[in-house]
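Coming up is one lone chain in structure tokens, specifically the form predicted alone.
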Amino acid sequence: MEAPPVTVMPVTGGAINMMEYLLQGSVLDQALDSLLHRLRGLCDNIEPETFADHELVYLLKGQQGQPFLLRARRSLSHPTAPWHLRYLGQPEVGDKSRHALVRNCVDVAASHSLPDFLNEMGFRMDHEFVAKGHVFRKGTMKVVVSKLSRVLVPGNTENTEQLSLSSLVELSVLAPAGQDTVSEDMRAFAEQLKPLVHLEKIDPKKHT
């Protein structure tokens, strides 16, 4: 059986091979409203975006080494919108004084046949979850505050269970390689969110 056709296109125009600079933290549910209020005051004077997304994480296991991982995400609030396919590279070791985690990031929009295409290519879904929350912007910086829920029945996004009594907070910037000065701006912004949330450079290898 042939793989179904899938249309893939960059999310933003030309260059899609960018570096993601990232700081992460969490905020307890009882402090969430205070954090959202502070972000509204600190970020650009536009109404924050709200989202409800369903993300599926796919693995392709090779003969040796780490499996190849791709993330497929669709909007639950805008069902006709394109899917998004995302690849995140291994974090760069690099300069220990760098204030943010840095990794390669490729993000493309795809048609709704993406899950079937990935399955036919040999990928297998490892896990899925629903993320709901808000997106704030401050210049090139993006702050995503999201509540994560596990999907209890595969494919059924109505049947979920919250993962914790807190929300994930991610501060990120997409920039070409070598733009390490953005991490200084990110650190300065993160300082303004304390003590509500402590955003840190988290090494995923220490949390697996």
Partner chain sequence: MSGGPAVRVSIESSCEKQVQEVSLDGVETYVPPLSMSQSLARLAQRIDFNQSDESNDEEASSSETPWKQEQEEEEGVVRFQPSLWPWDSVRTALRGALTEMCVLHDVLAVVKEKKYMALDPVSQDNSSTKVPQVLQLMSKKRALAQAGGVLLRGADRLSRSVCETADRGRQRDFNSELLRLRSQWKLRKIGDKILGDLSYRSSGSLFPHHGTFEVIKNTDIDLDKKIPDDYCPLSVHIPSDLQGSAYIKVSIQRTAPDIGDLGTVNLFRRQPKSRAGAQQWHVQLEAAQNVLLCKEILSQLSREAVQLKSQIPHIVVKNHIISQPFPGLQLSISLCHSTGDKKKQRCPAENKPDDHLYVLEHNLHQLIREFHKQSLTSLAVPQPASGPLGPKRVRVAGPMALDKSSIAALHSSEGLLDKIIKQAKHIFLRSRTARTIDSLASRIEDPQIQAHWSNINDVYESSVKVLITSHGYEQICKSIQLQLNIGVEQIRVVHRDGRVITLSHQEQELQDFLLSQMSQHQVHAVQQLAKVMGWHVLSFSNHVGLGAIENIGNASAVTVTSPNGEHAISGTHTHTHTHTHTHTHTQSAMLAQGCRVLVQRVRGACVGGSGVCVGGAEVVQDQRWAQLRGGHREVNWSRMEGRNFIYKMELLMAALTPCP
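Residue numbers count along the first chain shown, from 1. This one's a predicted model, so the numbers in the text were calculated from it and none came from an experiment.
Heads up, the form predicted together with its partner chain isn't pictured, but that's what we're talking about next.
Contact between residue 142 and its partner chain in the predicted complex is found at the 4.5 Å heavy atom cutoff.
Proximity of residue 81 to its partner chain in the predicted complex: non-hydrogen atoms within 4.5 Å are present. Under a 4.5 angstroms non-hydrogen atom cutoff, its partner chain in the predicted complex has residue 137 among its neighbouring residues. Put simply, residue 50 is close to its partner chain in the predicted complex: some heavy atom of it is within 4.5 Å. Contact annotation for the candidate site: 77, 86 and 110 all lie close to its partner chain in the predicted complex (heavy atom within 4.5 Å).
The stretch in contact with its partner chain in the predicted complex, judged by heavy atoms within 4.5 Å, is 42-50, chosen from 28-36, 158-166, 177-185, 42-50.
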